[in-house]
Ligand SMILES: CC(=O)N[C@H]1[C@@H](OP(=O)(O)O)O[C@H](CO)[C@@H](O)[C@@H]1O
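Okay, here we've got a single chain as structure tokens, the form predicted alone, with questions on binding and movement later.
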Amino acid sequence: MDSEALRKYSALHPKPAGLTLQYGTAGFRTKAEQLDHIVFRMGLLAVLRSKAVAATIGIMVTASHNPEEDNGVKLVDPLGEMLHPSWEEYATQLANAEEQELQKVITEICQKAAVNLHKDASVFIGRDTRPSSKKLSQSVIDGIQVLGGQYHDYGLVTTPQLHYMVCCQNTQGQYGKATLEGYYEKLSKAFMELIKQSHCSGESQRHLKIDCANGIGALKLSEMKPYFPQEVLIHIYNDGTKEKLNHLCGADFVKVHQKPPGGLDMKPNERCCSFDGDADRIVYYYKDTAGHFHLIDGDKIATLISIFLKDLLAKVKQDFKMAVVQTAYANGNSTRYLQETLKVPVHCVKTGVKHLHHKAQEFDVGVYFEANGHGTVLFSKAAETKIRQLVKEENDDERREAAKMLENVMNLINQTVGDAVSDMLVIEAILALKGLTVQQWDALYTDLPNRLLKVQVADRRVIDTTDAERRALTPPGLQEKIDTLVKKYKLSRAFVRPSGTEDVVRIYAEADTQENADALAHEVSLAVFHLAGGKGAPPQPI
């Protein structure tokens, strides 16, 4: 390690006094002007991680669905997955180290993680369309070069595209080609092969309106358009030419406010969807003839995909274990429908993509989606090998056809991470193959009315939870109070959990009517305020 170069470059990316940040599920995220030293140091860390695992590591500069003035950075592990938890701690240590301690912290990380500094290192870099992203990705490059790493800068890409590139590189091209053309070709080919197997004509021209949150998704979808078959007519809105990123639009806005985004004109029963700022989340929606807005979120996306896959798995007659993984935020009626009607096992895990991804890996076919629209499908190595074998060797027409469909789904879905473009194509293919309208999809089950609230507290750590965050262990008496309140309403449940990033407690409640869900959420928020050290004025009724 060149101590002099480290000192010199670190001085060019100074750490603001008193700023401490924690690496979480989303990596680091804050106001863009506070991130320069962080991204420089994540360049350093990516080189160390690459040397430790002898593989290419990814770095994405994005703040996803946050406002345009924010930014962030996260690392991507060798198979396109999120950074290993033990390295999250190293990231936090390195980010918060004082200038004069930087070399010492790097040396400690090398010792703990058995990093051989003489090994080669390779890093892939991507960034979103924020005004601050280009300069910040240059700071990443500074960090990589200080420790002698090699890098490939992909420039403007969606977050899932960078995850895809890293996986392709580290599987020596088995997963695909580590280029944007490779990504477009693989997805479009699988999509065309899938819809070719459609026996119903359905709508010959399938129109879809897409709100791209004024983000990177618009740019990449425009590049991908020539690869699509003529049956698919996508119409891009909020393409970033007029308005600010994520401002009154995007998947997060639509999900939270339960209303259509600005900048998209909806006619009755038109199929529409929204991406978030870095295109790793998607939600669908439409307006009925009475003008009512209908949201089709991650739960309904998981349900549609599960129906399709369960049917195909039954046809190939293999003993594959399939399951759906949800968090406590999943609507109660989605869980009921999956378990009772579809007879698909459902597992609940803590909030955060890494928990869902990890659990989904335990099954031959693991479907996971957060209610916010972030999710994908994972196929085990054994299931993948068997399906590809059936396509080549199966003599029974129906079984071979079903195996071929499964193979195309495997090629179409981005198994590294939730991917709005890939998920959209999977959904569009299923709707075409099943001959379903957006209204029929929506009518699979009716969401229970629900309400999300948050309460400011002096210290969020007073709340400790268990049972995948569905029950509170502390403070004493809180869970008993929630249990009592829940008994007052039909089909009701409620839970509380501390925010991962700020001193607030998040409250979720659902019940048979919106009025009851709102009343329950309010009563639970009062209990949190009084028992968990609420700040400011007590919560007011909704």
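Since the structure is predicted, the reported quantities are computational estimates derived from the model, not experimental observations. All residue numbers refer to positions in the sequence shown, first residue = 1.
In what follows, reference is made to the form predicted in complex with this ligand, a form of this protein that is not presented.
Contact annotation: Y90 falls outside 4.5 Å of this ligand in the predicted bound form, judged by heavy atom distances. For T351, a non-hydrogen atom is located within 4.5 Å of this ligand in the predicted bound form, even though that partner is not displayed. Residue contact check for Q514: none of its heavy atoms lie within 4.5 Å of this ligand in the predicted bound form. Mapping the unseen interface onto this chain, P67 falls outside it, with no heavy atom inside 4.5 Å of this ligand in the predicted bound form. Candidate site formed by R271, I307 and M424: none of these residues places a non-hydrogen atom within 4.5 angstroms of this ligand in the predicted bound form. Comment: 25 to 33 is the region of 44 to 52, 25 to 33, 472 to 480, 485 to 493 lying near this ligand in the predicted bound form, near meaning a non-hydrogen atom within 4.5 Å. Taking F253, W441, Y237, Y329 one by one, only a single residue has any non-hydrogen atom within 4.5 Å of this ligand in the predicted bound form, and it is Y329. Note on contacts: among L452, M322, L342, I141, the single residue with a heavy atom within 4.5 Å of this ligand in the predicted bound form is L452. Contacts of stretch 360 to 381 with this ligand in the predicted bound form, defined by any heavy atom lying within 4.5 Å, are made by E370, N372, listed in sequence order.
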